[in-house]
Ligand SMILES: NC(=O)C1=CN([C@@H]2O[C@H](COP(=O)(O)OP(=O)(O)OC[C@H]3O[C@@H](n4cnc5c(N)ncnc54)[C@H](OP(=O)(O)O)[C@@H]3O)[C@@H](O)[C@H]2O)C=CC1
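What follows is one chain in structure tokens, specifically the form predicted on its own.
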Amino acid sequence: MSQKRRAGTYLWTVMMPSLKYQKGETVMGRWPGSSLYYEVKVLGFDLKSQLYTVIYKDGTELELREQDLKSTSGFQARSRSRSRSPGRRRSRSRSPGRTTRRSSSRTAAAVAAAAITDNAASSRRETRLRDVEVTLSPLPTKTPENNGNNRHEKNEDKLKVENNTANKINESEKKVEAEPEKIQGRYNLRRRKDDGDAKSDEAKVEHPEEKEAKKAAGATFATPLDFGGKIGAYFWLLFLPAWVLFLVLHVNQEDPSLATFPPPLPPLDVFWDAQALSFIILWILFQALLYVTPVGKLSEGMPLRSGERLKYRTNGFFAIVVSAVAVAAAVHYGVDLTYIYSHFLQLATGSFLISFVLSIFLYVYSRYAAPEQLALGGNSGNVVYDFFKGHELNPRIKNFDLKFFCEMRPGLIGWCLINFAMALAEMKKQGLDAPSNSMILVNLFQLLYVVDGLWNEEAILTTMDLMHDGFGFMLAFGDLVWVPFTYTMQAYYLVSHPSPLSVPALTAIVILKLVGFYIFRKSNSEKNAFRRNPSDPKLSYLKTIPTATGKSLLVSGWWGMVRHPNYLGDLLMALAWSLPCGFSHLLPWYYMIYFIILLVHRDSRDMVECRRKYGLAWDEYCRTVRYRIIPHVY
């Protein structure tokens, strides 16, 4: 045993006997904001905050003061003869003490409200709550980023709840509903693993058994499987490459009708080209060099479950400017970029191989990651599903963040490079001195989209991909293959299928694009600013609904009009990308169709996730913001 471990064991042995409740002991814990006690297990004690960490039967971890814990022997069964006693009132909600499959997905807000009204369940409990008088005192002040509603008064209130009459219970319910922010300020209603900033950066002595208990507790926070679960993972691993191949082979036909199935298959040796693979590798290495260049600022990501905030080099705009200069220089010195058009199939095949090899590396690399570094959605225990969804949340090689790099650099900037190559190919094939108006619109519209994303690169740190999804085959294939080789279908289509535009049509399409971009940018900026600093005075006009996670849901501004205004802008821009291609074929409308399907799927994912995290607060949000374009995970 190392000297450090012996010292920790000695300190633990010395300190533990002085505590009233020991680690592993089963006691009765008062649910914050109510007078109800439930059976909990003590996980540990924090010397600095003087709070016990306990876990309820439904898996919820909270931090409670010593005076909010009672010995189980102090509770005795009470009579059921009172007709108006809280124990005989019926309720449609479940208490946190009842272990059901649904209760584990409840949020602290939902359970807290249910605990106040669920007296039918509490009447059947083996232990009864005595008549008690409870005083709530404040916890240590939280940081603004963890609690967007910390503008409430700092004075100390006393909440007295007597459990022997229904009138007192009703008064308690009203007070809890009227002052949700004050209750959040006095009690830490978050699960401990989500409360990053509450942890001290100072070294703490931790007993090995306590560490294992925390790991075991963390295993309960895996999220439900999506994308069809384990069977769906096999399907998507086969379908996604096949669909990209299907599109590429069709768009290269003289009649790109999607009704032709299967499309004519060329000889197998046509799919492979070593030079194309070398070109892809060179492009990725060039973007990696720009990524590590010490230009631009270091931005902090959102707090992880461990409380850590990763740093990211956000120099994407610098990268696309340097890439544009490099491409212009290459064209000036005689490099024929129409090679991208003539070898599009081989480039797509090479990118698929790279994404597959990267996905294997990511999964093997994730096997050595700490439990708190794993993605909740990619921690199913099934190898194929975790390989597809992404086992580790933020895989890094030292400070090189693989997910962030792939999300914003090779595929996204490569999208613009391919579009530019298609414009050159159109001029060459159609004998034009300049690209057609349709090709110019597609290039400019999509270039604006990419440049805007790289200029506001910091905003991606608050998106679902970065915050929740692990980095596996799904994102690796999407970043390196799906984006550059399917989002360029409009430009590829126009090379062989010109679509002239009249001046009125061109003007209408430009206006549509600008309206969509304005909605997209303004709503995204408002959301990102609120996430990063909810206490910003510039955002004081925004109305919010507090939740038990310490975060708030926006119900005014752009996010009070519809549930997902940025996706509304995205859809309008997607429409503007497809209109220049006309209506002769369905293929150039692929992105519009795909994007609608994507948003419908995200709708179901987000609704489940939001209801799990926010409970009754999410139901209130849905009642407040009735217009449902696409709901959003805050």
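A residue's number is simply how far along the shown sequence it sits, counting from 1. Note that the coordinates shown come from a computational prediction; the quantities given were computed from them, not determined experimentally.
Same protein, other form: the form predicted in complex with the named molecule, not shown, and the subject of what follows.
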Place the named molecule on the shown form using its pose in the predicted bound form and a superposition of the nearby C-alphas, then give a one-word verdict, open or blocked, with blocked set at 3+ atoms within 2.4 Å of backbone or C-beta. blocked
Counting only non-hydrogen atoms, the one stretch of 314-322, 337-345, 518-526, 490-498 within 4.5 angstroms of the named molecule in the predicted bound form is 518-526
Note which of 467, 417, 247, 358 lies within 4.5 Å of the named molecule in the predicted bound form, where distance is taken over heavy atoms; exactly one does. 467
From the list 427, 553, 277, 376, which entry has a heavy atom within 4.5 Å of the named molecule in the predicted bound form? 553
Can you work out whether residue 396 and the named molecule are in contact in the predicted bound form, taking contact to mean some heavy atom pair no more than 4.5 Å apart? no
In the predicted bound form, residue 566 touching the named molecule (heavy atom, 4.5 Å): yes
Against the named molecule in the predicted bound form, would residue 449 count as a contact residue? Criterion: heavy atoms within 4.5 Å. yes
With heavy atoms only and a cut-off of 4.5 Å, decide whether residue 602 touches the named molecule in the predicted bound form. yes
